[in-house]
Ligand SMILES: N=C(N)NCCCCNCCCN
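Before any questions on how it binds or moves, here is one chain, the form predicted on its own, in structure tokens.
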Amino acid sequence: MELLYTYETLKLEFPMSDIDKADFVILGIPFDGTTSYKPGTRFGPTLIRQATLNLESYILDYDVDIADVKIADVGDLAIVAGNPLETIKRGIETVEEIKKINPSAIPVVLGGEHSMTFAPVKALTPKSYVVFDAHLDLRESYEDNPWNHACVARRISELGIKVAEFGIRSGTKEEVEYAKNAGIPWVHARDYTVEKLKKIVKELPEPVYVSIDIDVFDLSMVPSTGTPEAGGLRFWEVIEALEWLVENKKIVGFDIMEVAGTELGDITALTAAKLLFYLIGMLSK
């Protein structure tokens, strides 16, 4: 496992499985190198893991106890500070190694800024990328860096992967034009409904990679995030959409990104931890 560029960090409170026996493999990518407003996403994976200590492992909605699910946690990626591309390369190799060890496991990435989502997507080669996000992230380059967090959906689109975006409420005119020309559907947060998501996603090819930028949620739920935007979605709106996705599409991996903060018990991390448990729960029932 020499290609697992990771180091051990805080883990979930219940017993962990070995990678080769796991149904889910958690990898943190604590990168914060292109954050353009609020720093702190380097602490995201640790804050999410710590926040899980506040949660009951039993998911009422699904009759699933997360403590009974086979989960491995390989710790956090050893990043290359200030260098998103080199960190992404390490992330790609690490996710590829995880899949080599256990082809049936679902990788779960905890971030970390959204630029890092390119790594698991590139490694897992899904046909479609469904993202919940406040921002389009379709810039060609931002701050003279094509690997900035504001460019990740564009880089993924350029791989030939079908992209669909939900909860959007921020973007440039150029990004809107790119989405139109590239055939990328997106739904504004104020127009979002689960039915609109279903109509778009049911046409997407499988398998699907799902990414949740935590800033998709209403700002009162997620104050600690890199680029906060007012006017986001409610928790249960996103959960309902994810439940439909899991029931109707093959999910090859998922991530929860852009959790920032400096204190344990952070509201944003608590929201992300609950989301993590629900995603694992719905994929396990």
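Counting begins at 1, following the sequence as shown. It should be emphasised that the depicted structure is a prediction, and the values quoted were computed from it without experimental measurement.
In what follows, reference is made to the form predicted in complex with this ligand, a form of this protein that is not presented.
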| query | Any chance all of 9, 14 and 73 sit within 4.5 Å of this ligand in the predicted complex, going by non-hydrogen atoms? | reply | no
| Quick one: which of 136-144, 195-203, 118-126, 96-104 gets within 4.5 Å of this ligand in the predicted complex, going by heavy atoms? | 136-144
| query | At the 4.5 Å heavy atom threshold, is residue 224 in contact with this ligand in the predicted complex? | reply | no
| query | Might residue 150 be said to contact this ligand in the predicted complex, defining contact as any heavy atom within 4.5 Å? | reply | yes
| query | Can residue 46 be called a contact residue for this ligand in the predicted complex at 4.5 Å between heavy atoms? | reply | no
| message | in the predicted complex, is there a heavy atom of this ligand that lies within 4.5 Å of any heavy atom of residue 36, even though the partner is absent here? | response | yes
| message | Just to make sure I understand: among 7-35, which residues lie within 4.5 Å of this ligand in the predicted complex, judging by heavy atoms? | response | none
